[in-house]
Structure formats: C-alpha cells, structure tokens
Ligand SMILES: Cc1ncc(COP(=O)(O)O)c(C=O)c1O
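In the form predicted alone, a lone chain appears below as structure tokens.
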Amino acid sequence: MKNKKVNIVLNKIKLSINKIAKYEPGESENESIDGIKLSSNESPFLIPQTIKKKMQLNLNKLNLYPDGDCLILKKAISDRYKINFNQIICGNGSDDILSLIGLAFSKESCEIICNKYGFLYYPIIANAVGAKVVFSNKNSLIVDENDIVKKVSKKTNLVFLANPNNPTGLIVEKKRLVRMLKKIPPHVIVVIDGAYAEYVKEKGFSDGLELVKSFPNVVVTRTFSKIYAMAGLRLGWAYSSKEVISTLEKIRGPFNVNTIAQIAGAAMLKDENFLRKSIKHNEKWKSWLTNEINLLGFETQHSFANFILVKCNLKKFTAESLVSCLKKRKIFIRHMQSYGLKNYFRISVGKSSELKKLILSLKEIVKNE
C-alpha cells in the first residue's frame, strides 16, 4: 500500500528525471583525521588568516539577509578581471548558475550538447529540465570543436563546454573556440565552464571572458572552489551579455550567496600572493606527480588543471582495485567509472606530503602483488 501511494506522488514528474543518477562527489572519510583526500580537486591550502578574520568580524550579521545583488563581490570580480560590473551574476557555487542557465534557456523539446567525457552535472541539468542530452566526442578524450558543431541541430538550445575539461584536464585553445563559436547559431547558448581556468598559463588559451563581447551567446562560469580554496563556502559567478545576465537574475534565488562567502570572495580576489603560491605549487607538484605515476607504468594525460587523469594499463590491476587498495590505507582518489572511463582514475594535486605518501603506497601495492 505504501509503495502505491509513493507511485501516485511520483507519477507527475518528468520522465527524464528517472534518467538521472545522483551526482556522487569524490570519496573521503571525514571521521579520519589522518586520511588523505585527493578525489575532489580541492585546494591543498587553507584560506589566509587575514581573510578568516574578516569573516569572523561579520558573524554578528548573520541574523540579517545577505546583499542579494552581491555588490561588493561583483565590484571585486569586475576589478580583478577588468570586466563589466553589470554583466556579472553570482551564485551558490558555479553549479547554482549552471542550473539557472539550464532552467532559463532550455525546455523539454530541445537538445543540450555535452562532451561525452565531461563534468557529470551537465547531463543532470539537461535531464532535470526534460531536454535531450546529445553527447559529442564519444570516442575521444580530446574535445573536438568540429564534432560539437556537427551535433548542433535546429533543436539545440545549449552547449556545455568545460575549459579546462574535467576529468581529462585538456583545453580548447582560443583559436579553436573562436572557430567553433563562429559556426554555432547565435541563438544557441554556449557555456564555457572555467572552473580550472586560473591554473592555465598556456599561450593561446582563453578563459572566454574576452569572447563575450564578440559572442553575446557565450556564458563564462567561474568558481572559488578550486584555486581560491573556498569549496566549503559555495561561491561562483558568471559573465555574459547584459541580456543573458538580466534573464538569469530574474530566476536566481533572492539571497543565493551568503554574507560570509561574499566577504571572503571579495577579499580573496585581492590576494595576489595566494594566487601565485597556488599556481606555483600546482605546476611543481603536478609535474612531479605525473613523472612518478609514469615511472610506475601507468599512462597519464597532459593536464592543465589541478589534477591528472591516469589510465591503469598494468596487467595485474584494474583502476577499481587500485582505488580500493588505496582506500584501505585511507588515501582517496577518484575512480572514473561514473564518467564512462572504467579503467581510469583521477588524482588531485594535494599537499606535497600527501602526494609523496600516495606514491609510496602505490609503489608498495604494485610491488607486493
């Protein structure tokens, strides 16, 4: 009888909701003080004490609603990136804004293009609004802009593209982006998710912000969760044409960014030392990690982000078994099965001590089996 009542309650939901597999974050063991989490591409650093003090000074304002327009934060973003203040929207993490984009610019009769080996949340958004998911680059880890263009049809409303891409760490250079955008109809919204853009120092790369002027259908999303070490505060933003941003502003939550996150984000954008330290650490230890992993016989992708994707091509192991062995040692990395990459795993660039312990453990595991 109980199941029958539940079925009655659920019989009006979109059929596409049933296609959604709940997003599962990188595994960890929160109770374990000595556990090492390298599964979610988080920053290895704590935010500076000066910023913590600013946050603490504002704890007595938590009985009041935050600034719904995020004026101080938008001003800091505008100053930092030299972009138009009125073309910025802030959100409770960039995934909040990605959801708003799906809600605003898609419907049940449309199609949304996502990279086959891209962020899992894009297909979730598409299915949530009832759109059809169209995958590009089904047979390659490399994002091919020409294949994305081929997949565009009269029903296409949205294209999601992470640059750098998660979980591969690969980028699409500016010239390739421009070539793609010129071929995509102007009514199709193209989302360039730059969650890891600050890590890229490659010549020829564009984070997409300067492309908005020429392509008003482009929406660039960014996050404070990665290089700015604020994953726990949930803070993101997006930049696009005034028309797109004003549309998103109509449907966002009235107070979708909390007071403390706004204060911390605005302060963090002014801390150039923290940014330089984060980039320097990432470049040094990503190179070291890649080299050590390759010496063990694995195959790595060249990554422009703060993680590396690894193919387990050892005869005695699968990616799943290696992830399981490390888990027993309280070292957590990400198995890529949910991304359709069964024999791959992903490792975040953590603290130097954590990475050294990871490699030591991998050497012992490989040697003993």
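We number the residues from 1 along the sequence you see. The shown structure was predicted, so the numbers you read here are calculated from the model rather than taken from an experiment.
Missing here is the form predicted in complex with the named molecule; even so, the following discussion is about that form.
For the options Val257, Ile112, Ala238, Ala162, the residue carrying a heavy atom within 4.5 angstroms of the named molecule in the predicted bound form is Ala162. Just one of Tyr122, Phe105, Tyr199, Tyr228 comes within 4.5 Å of the named molecule in the predicted bound form, counting any heavy atom, and that one is Tyr122. Listed stretches are 248-256, 139-147, 187-195, 72-80; the contact stretch with the named molecule in the predicted bound form is 187-195, by a heavy atom cutoff of 4.5 Å. Among residues of the shown chain, Val220 is not one whose heavy atoms approach the named molecule to within 4.5 Å in the predicted bound form. Within 4.5 Å of some heavy atom of the named molecule in the predicted bound form lies at least one heavy atom of Ser94. In the predicted bound form, at least one heavy atom of Asn166 sits within 4.5 Å of a heavy atom of the named molecule. In the predicted bound form, Leu98 approaches the named molecule with a heavy atom inside 4.5 Å.
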